[in-house]
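One chain comes next, on its own, written as structure tokens: the form predicted on its own.
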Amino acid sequence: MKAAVYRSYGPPEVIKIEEVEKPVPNDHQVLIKIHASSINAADYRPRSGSPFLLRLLNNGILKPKNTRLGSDFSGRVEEIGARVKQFQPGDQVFGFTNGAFAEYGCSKESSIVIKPANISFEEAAAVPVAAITALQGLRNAGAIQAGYKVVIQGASGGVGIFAIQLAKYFGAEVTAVCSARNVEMSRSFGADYVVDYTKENFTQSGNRYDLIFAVNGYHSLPAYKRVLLPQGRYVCAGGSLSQIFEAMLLGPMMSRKDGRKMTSIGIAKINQDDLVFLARLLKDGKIVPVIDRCYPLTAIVEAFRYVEDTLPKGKVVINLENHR
């Protein structure tokens, strides 16, 4: 089968389409014919090999050990392992697999769910990492409650768009922070207030919030903490690597001094319960995926360039059906 592979660190051009062995499911896995997958920061940051610390944490010092890319996918079950009970060949599913930019993939039974019939394969592939990051950031790390005043910073990206919709689902008052070109889109997804960050710094507005969810944060931790209400929470879910490390290292120390909490969520924790919850919201129309662009597998280098050089509205999807 054909798959996207990178055998050295570097820019998108290191990605090649190669013939690789078709995977075989074990007793607890399903084999999936992949229809679509989507690009996440967890795909391009390790591939770049920079900063060097990422190589030590993830994937080999001189060259990558895991040469496959992609985790989000949607597709059809082609074969099931001997102990798989929830799925049958022909089921339309979405979820997680290792190496999703490929014609086929194997996934644990616990890492997939049935795709709602009212969304396309492309839309389903845009959901897993982005929506689970938003869900776990708001609900688990942010302890969101109805009536909370919530800021979503980086509101127009893949995670941010889901975060607006989920925060509204949980009954919060949402302030979306984005650029001028995305103001109306943020409002269309339910944001009560929208701040154009090119004209206004919300950390200097005088307003106070119960929860700041920074998908693409760039202010200092003291600036965020200054606009939190007592017992408020700041959750870092992205941004520059220095911003992420600052939240991880300094956040716990800053949290000890008063009731306000500064934290980060790291990588989304894959679990079927959250996928089931999201599938229900998708079926009911409570959350809607947004796709900026779709590319065939043969144009995956161009797709990565677009994601890394621009600020896409929503997700960028690789359509495997266009490749066949």
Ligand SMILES: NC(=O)c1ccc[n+]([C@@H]2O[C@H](COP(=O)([O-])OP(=O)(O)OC[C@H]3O[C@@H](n4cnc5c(N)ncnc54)[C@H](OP(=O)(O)O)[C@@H]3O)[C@@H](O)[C@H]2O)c1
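Quick note: we count residues from 1 along the sequence shown, nothing fancier. What you are looking at is a predicted structure, and each value in this text was computed from that prediction instead of being measured.
Omitted from view is the form predicted in complex with this ligand, to which the following refers.
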Mind telling me which stretch in 86-94, 225-233, 112-120, 158-166 gets its heavy atoms within 4.5 Å of this ligand in the model of the complex?
158-166
Proximity to this ligand in the model of the complex, single hit among Val150, Ala237, Val127, Ala191 (heavy atom within 4.5 Å):
Ala237
Residue within 4.5 Å of this ligand in the model of the complex by heavy atom, from Ala41, Ile291, Leu278, Leu31, is Ala41
Using heavy atoms and a 4.5 Å limit, would one call Asn201 a contact residue for this ligand in the model of the complex?
no
Taking this ligand as it sits in the model of the complex, is Val20 in contact with it (heavy atom to heavy atom, 4.5 Å or less)?
no
Residue-level question: is Gln145 within 4.5 Å of this ligand in the model of the complex, judged on heavy atoms?
no
Any of the heavy atoms of Arg45 lying within 4.5 Å of this ligand in the model of the complex?
yes
Does the trio Asn98, Leu138 and Ala141 actually contact this ligand in the model of the complex, every residue with a heavy atom within 4.5 Å?
no
Considering only 195-219, what residues come within 4.5 Å of this ligand in the model of the complex, judged by heavy atoms?
Tyr197, Val215, Asn216, Gly217, Tyr218
